[in-house]
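Heads up, the chain shows up twice below as structure tokens, two forms, tagged structure 1 and structure 2.
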Structure 1
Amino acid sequence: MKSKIMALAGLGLVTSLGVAACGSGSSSSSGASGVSYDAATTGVVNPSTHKGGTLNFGMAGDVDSTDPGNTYLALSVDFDRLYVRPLTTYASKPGQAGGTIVPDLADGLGVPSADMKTWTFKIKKGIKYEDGTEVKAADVKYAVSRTLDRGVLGNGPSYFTQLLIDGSTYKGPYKDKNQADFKGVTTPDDYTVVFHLNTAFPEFNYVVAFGQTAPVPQAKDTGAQYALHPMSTGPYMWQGNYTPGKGGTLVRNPNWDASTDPNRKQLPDTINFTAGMKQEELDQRLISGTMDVDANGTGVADAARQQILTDPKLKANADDPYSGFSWYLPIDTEVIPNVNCRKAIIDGADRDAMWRAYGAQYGGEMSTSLMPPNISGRQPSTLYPVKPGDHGDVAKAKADLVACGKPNGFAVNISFRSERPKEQATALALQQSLAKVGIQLTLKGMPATTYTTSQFGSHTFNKSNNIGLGTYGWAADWPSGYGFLNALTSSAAIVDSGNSNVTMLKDPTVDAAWKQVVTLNDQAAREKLYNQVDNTLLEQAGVLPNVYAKSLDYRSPHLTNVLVQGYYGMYDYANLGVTK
């Protein structure tokens, strides 16, 4: 069994190395149409106002939900913008500017009270649902209230449960139909929505960018089945019902008014969404032009990657943006309690091999911190500097082991998701490099479906199975240090199922920083604290950084207005058009 895993991991490693080698020549290439490699990460490719045609989205798997109140994935938040409008959204811009929050349903950003516990939003007048009725403030209140029924809509973020004054006590409109009982949101008039928080929260404009604030008319709510046909306020509406696992079709919403919506265009006549495709087949259809966008936005599979990188014409139609994910290895500080033992792991790691396991420069950038580059104000750390070619510092790692009191090393298990060759290859590379310093890693492959909930996401499991570290990845809920780091480092975030603070960090300075940061209205001051938290995690050797992920996306030549939205790390779906 062990040899099988090693063989598979080795194969993945070899494949990655092969791809890296193939693509290590010119970093840019141009196609016949003048578009060039990675062009959509810095500007708009094929700008056009041409209307008409059919835009075809495909994806392996399915969206987590088409109910905007029940989604969490970045792809869903990006895609939902085609048919719903939350209070705020992200600017349709590439790079760091994509992290800028802008008004959407609201006519301006939220206005906080002096103590930042009350946030007031004015919504635009004249915005209509697909059936022609006007959106009112009460619809936003209702939309938020329904997300508090965590049994029915438990997939979305739980910020409203945590932040609203009665978020944890009001059980939602399905159990308490009287909206007056819900005090967390009030609507003094038809166009004003006021959020009442139990704590100051300076980044609340980000929280309302989730689809949970997209208005829902109470009379049209079908509860758990609302995902079949959420009422549109965006440029498109569902034609009939969405079929989970298969997909659906979006058509123009005749009641959408472009003058109220500077964030979206309404170019194609029809948008087809096909779920449940095989990734390799989807890649080939993208290349052959019968499919336009991979909705997952996480890049093509290995075979297509090699095909694209070795063909200049195809490469000119590819982009390699930061995906927003940080791939790293949390080290459980209770399984490996001595900080010097943890440092030995970091110092002895063959970072070059781990980076290559993710596809080298096309798979990501070697990371020095937890926060990836798309996080506002993030500073790279200097604690563990790294560059391609670094294969681990054996002498330093051995010195760490002496300081740890285990000069001959120790044995511990490392977990990874069996279905992910890159994670296997990473674990294998680490195993080989740490063996040189005396740390014996045993590889434990686990199913991806239960990995973050029941296995590596459970400290009890890790402790009872001597799992000291594992492969892991994280993307921000919004592009700030809070949106990225809080769930990974706050001791309050520790739970025994679906635990994201896998490090089990209970550092008093970090917890104090999280208490302090919500009182700071000054963004720069908050960002300073976020960087300190990130640094503390490294000082405590609670994580072994790996890569700031990139994904090689293929941009169909038929697409117009293509840009990689800086925060989502994928194409900006709300403004795409097609030439055919």
Structure 2
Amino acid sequence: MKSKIMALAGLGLVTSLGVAACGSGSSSSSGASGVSYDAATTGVVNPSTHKGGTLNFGMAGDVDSTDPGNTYLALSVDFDRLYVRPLTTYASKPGQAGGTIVPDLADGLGVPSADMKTWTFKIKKGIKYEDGTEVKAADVKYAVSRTLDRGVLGNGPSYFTQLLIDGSTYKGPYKDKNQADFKGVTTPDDYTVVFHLNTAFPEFNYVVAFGQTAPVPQAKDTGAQYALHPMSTGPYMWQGNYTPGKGGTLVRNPNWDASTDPNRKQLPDTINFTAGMKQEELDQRLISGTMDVDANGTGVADAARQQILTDPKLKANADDPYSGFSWYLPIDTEVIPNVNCRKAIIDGADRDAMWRAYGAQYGGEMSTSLMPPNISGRQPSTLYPVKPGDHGDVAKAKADLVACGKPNGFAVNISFRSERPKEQATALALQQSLAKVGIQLTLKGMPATTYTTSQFGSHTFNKSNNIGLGTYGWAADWPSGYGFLNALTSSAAIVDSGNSNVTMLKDPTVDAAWKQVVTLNDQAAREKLYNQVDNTLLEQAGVLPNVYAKSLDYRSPHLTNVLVQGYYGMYDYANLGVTK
């Protein structure tokens, strides 16, 4: 999901990326207040119960959606907890404890049947929407049903489509308004929600943590327009409508009851969200104190990074956590069908320049697999070893081209999000290195708001535009190998819009592993299969690994209750306060 999940940060040109040499790598810097560098990754910075003030979020680009049923970006899932409550959520704690799943709208975790195909949740009584009406189980069922219409809500994950007994046949309430026709979720009474699965699924408590289970009253649903003002069950509600590309304002929800919600606070009076900013402007406003949080949660750009790392006072207000993201480049196996042609891309890549495009040591570690180190049981791969200073193996890449029948190379397009200088720098670095082996890459910049849905997230678009690869990032939908890899590698996860299996991998051994893993009670056995899936993707040259991401984030001194939530890998947005 933590698709989580593509995010944003800016950077300058590849040739100017010697950031690792700037400032000290020490974590001992501290400011006048005693607050220290990287402190929010292990504890709470500036704990406070102070109420009042205005909290200001900014971001370059925009969220994928403010409709909780139609979002997949990690930043969106973290942010929408301010105004909606799914059945479960993640503990508001740093480190590994933040990966713990806890009840939210539900009064406990789901109870499975013996075969783990039926899951029952009881929702808390007395939870109200912003208009004072009570949340009922039917609203949760309706919320799930609407996400099955991928033509209207195509951004979110497709687990319900895959797992529910009629998830692939019921087409949603916009085509069939009769909820009785939807059998995948039933509601025996006003406070009981029962999910009926077509297979055993031991990790289902994680699935319902997505905003897709945040209740939606059917009478208030306006389809695609619901995102302008989703009904709040959280501590805040939208004041008027959200304006895509610009932002909106959240104010206190008078019908939120703190006694039912141990996962959130309601400290600021107002929360402003400004979309469409320039990254460099946002960074300077963070440093000057006129902006509090970069909602993308993936770090400042190059100029601000150097400024922060060379100023002890600024560095004391910075954190450099592992974000949980793996930044990589999916290679479409249907646009580039020959595995040796794909290997030529990987072997010829200037991995050092690509690493520096993400900030070198402050941006993360060079990666050798898809799963990042924070996934339980993950094993590093030895297929594509890499280290700083690796600029590509021209001879090996040319041999790959001979093996694929294209000794003189080939031409293909590479996509990236136009608003994201790091991605453009990565694509440029790859273009320059592959030119040495005869592979001609043409760069295609695209808008971030539609990149993962109707452009790079659409195989039809890629095939018709000869886009063979592109920049991409992913964080675990939940903290296990299944939560990270399934959406990226299962043929069942391939969809027309919002497709995350951009490699178009349809490997029978991989699909068999996904069917087997849900029957295994032995965690070690499941983890072995997860590593086999990761390794198969590498053997098929379906991805060019890049970086296990770290994010140099700047926390405004005005912020209180600051912690890097262990699952999201970014600040815990639902509990921030301000002193001003």
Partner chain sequence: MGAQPAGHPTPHTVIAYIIRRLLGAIGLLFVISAVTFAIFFLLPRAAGMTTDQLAARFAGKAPDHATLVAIEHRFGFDKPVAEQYWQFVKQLVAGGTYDTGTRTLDCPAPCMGYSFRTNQPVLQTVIDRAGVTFSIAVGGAILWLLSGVAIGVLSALRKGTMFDRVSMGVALAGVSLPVFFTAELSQAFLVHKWQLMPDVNYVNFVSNPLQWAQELILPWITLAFLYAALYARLTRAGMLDTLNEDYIRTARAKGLREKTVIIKHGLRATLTPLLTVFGLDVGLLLGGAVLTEKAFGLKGLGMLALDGIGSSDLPVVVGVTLIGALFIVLANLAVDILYAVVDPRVRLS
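In this text, rigid core is short for the largest set of C-alphas that superpose within 1.5 Å between two forms. Throughout, residue numbering runs from 1 along the sequence of structure 1. Worth saying up front: this structure is predicted, and the values here are computed from it rather than measured.
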Working through the pair one at a time, identify the form predicted together with its partner chain and give its number. 1
Are residue 104 and residue 51 in one rigid part when the chain is described as two parts moving between the two structures? yes
Angle through which the smaller rigid unit swings between the two structures, given in whole degrees: 24
Rigid core fit between the two structures: Cα deviation of residue 487 in angstrom: 3.4
Displacement in Å of the C-alpha of residue 355 between the two structures, rigid core kept as reference: 4.8
